[in-house]
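Single chain ahead, written as structure tokens, the form predicted on its own.
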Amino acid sequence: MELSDRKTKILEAIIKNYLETGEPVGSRTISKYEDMNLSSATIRNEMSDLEEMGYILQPHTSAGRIPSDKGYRFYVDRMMADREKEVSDMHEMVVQKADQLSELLKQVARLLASNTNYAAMISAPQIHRNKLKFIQLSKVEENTILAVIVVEGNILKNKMISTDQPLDDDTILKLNLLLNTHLNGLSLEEINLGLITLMKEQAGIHSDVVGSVIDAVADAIRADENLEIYTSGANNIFKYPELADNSKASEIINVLEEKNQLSELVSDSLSKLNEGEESQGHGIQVYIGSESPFDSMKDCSVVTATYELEEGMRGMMSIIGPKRMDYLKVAKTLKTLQEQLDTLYKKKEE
């Protein structure tokens, strides 16, 4: 027999409350849910039906109800079906969105270079202060499971986890429940040692799996690896005699092509911004000659600005040119793009 929407809502409320408290759940507790809008009497009648149907149990007379195996199965199957559809839909969206963003950033780099006649670079945004949306564990091989981790910003990370012993489907489902109940909506800072210890205790002999998943969650939330840098206008360096010397030009172009030093500059600047060092991390920053973050650019000036696409999604753009560059024009160009990038990005998505 298919459950009505009301019975489904009450069953899910019972299971969620029991997962959080470990105590039998009564009708008065369920009636306090803001979105329930049902009387305790109505809820009691529905709970009686759910008990007759085998979805919940009453462990003691006059006590509240707890989920049965059938109830858990219904909840987990429903939850996993929703998650699988969300992962599938999100994967398509993320791929499309990433392609659009990559092309947009390349265009911005070209625009910066052509508008200023200097070399330019822009980094892909990094995600900061992110929160976990959900985790999905699934069996791949006898001793291997796949953890799909989704965090805000729709970042997906897949992690293959080896287990000491085979995990059956019921165990994987219970681990899914445990992980999602405790971790959904939390930032990395909120996943503390006490919570990890509690989860490992509840996982029992599978505590090592919980530890591996939490490590993967930390990696996904940080999401700072493989920083993409887009550059343009390197040949503009040769337009300025003081930089056109073969050795000087080659060193500058090497920095633009190798991108390792640029990545360090981006990470350092964004870290300062995220730590609240507004004067050092935000706005237009100008490095002249020896102030340059790169030894190879002591004869240059480097002007940088951060941008933000969505909350917590930040990147950096820079102009590299001679010390006699047109600072006013460079600052104005960066400021304009800094303010318009979010709008440009939204137009690309439409």
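When you see a residue number, it is the position in the sequence shown, counting from 1. These numbers come from a predicted model, not from an experiment.
Not pictured, yet referred to below: the form predicted in complex with the DNA.
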Would Ser290 show up as a contact with the DNA in the predicted complex if we use heavy atoms at 4.5 Å? no
With the cut-off set at 4.5 Å between non-hydrogen atoms, does Met47 touch the DNA in the predicted complex? yes
Looking in the predicted complex, any heavy atom of Ser68 within 4.5 Å of the DNA? no
Can you tell me if Gln58 lies within 4.5 angstroms of the DNA in the predicted complex, counting non-hydrogen atoms only? yes
In the predicted complex, does each residue in the set Lys174, Gly204 and Ser212 place a non-hydrogen atom within 4.5 angstroms of the DNA? no
Ok, Val286, Leu309, Leu38, Met53: which has a heavy atom sitting within 4.5 Å of the DNA in the predicted complex? Leu38
Within 235-253, which residues have a heavy atom closer than or equal to 4.5 Å from the DNA in the predicted complex? none
